[in-house]
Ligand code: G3P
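Heads up, the chain below is alone and in the form predicted alone; it's given as structure tokens.
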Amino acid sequence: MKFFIDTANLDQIAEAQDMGVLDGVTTNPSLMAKEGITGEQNIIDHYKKICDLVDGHVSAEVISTDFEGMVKEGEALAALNDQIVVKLPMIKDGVKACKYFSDKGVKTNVTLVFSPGQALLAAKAGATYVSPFIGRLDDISTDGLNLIAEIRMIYDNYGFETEILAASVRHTMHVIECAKLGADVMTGPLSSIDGLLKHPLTDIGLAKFLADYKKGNS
């Protein structure tokens, strides 16, 4: 399972990269704005900085909602770095743009996916990644993890190569459950990755080892 971090914060990206487990980054206009990154050129420059920090794919989202606009923005983003994955919304023109880019060998991530049917369309259009938003489904009392299971079944049935990128991951148990269900990628905050480190027995055991060492060397 690949680990992506969902942020535009360079310090958090660098911390995850330094841990040695980071495979990529996803971000969006909301996350950019959260870091005070606004304006087209500033956003472009920030994507370049992210690509300099990580070795893997970096999803960069288009703002346009029409086919021509998505193509224009996507081509400009893809030209920044080979690591860039053009992030497209799950709407009709987004699917059309996905097919356009996949035919040209440009990597794509179809985002804001909330149903198996949407995921099927993205795969048919040749998406590199499909991003089902499990946390947002949980927010409306719908089982987001069940969506991952349904997409996995459909993709396995037909041999689709599109990778399931579990998005809107909120916490560590989301990561574990997505791994059990066979998601190819998860993207979430740094805390969801850091949480995998934690277990009280690890802390207790380490404290005992250190205490015993000090006793033996006192």
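Keep in mind that what you see is a predicted model, and the values were worked out from it rather than measured. For every residue, the number given is its place in the sequence shown, counted from 1.
This next part talks about the form predicted together with the ligand, which is not shown.
Pick from K104, K92, R136, K72: which has a non-hydrogen atom within 4.5 Å of the ligand in the predicted complex?
Checking each option against the ligand in the predicted complex, the one that comes within 4.5 Å is R136.
Name the single residue among L31, I43, L190, V62 that comes within 4.5 Å of the ligand in the predicted complex, judging by heavy atoms.
After the contact test, the surviving option is L31.
Stretch in contact in the predicted complex with the ligand, which is absent here, among 35 to 43, 176 to 184, 160 to 168, 52 to 60 (heavy atoms within 4.5 Å):
Only one stretch passes the 4.5 Å heavy-atom test: 160 to 168.
Residues from 6 to 21 in contact with the ligand (non-hydrogen atom within 4.5 Å) in the predicted complex:
The stretch touches the partner through D6 alone.
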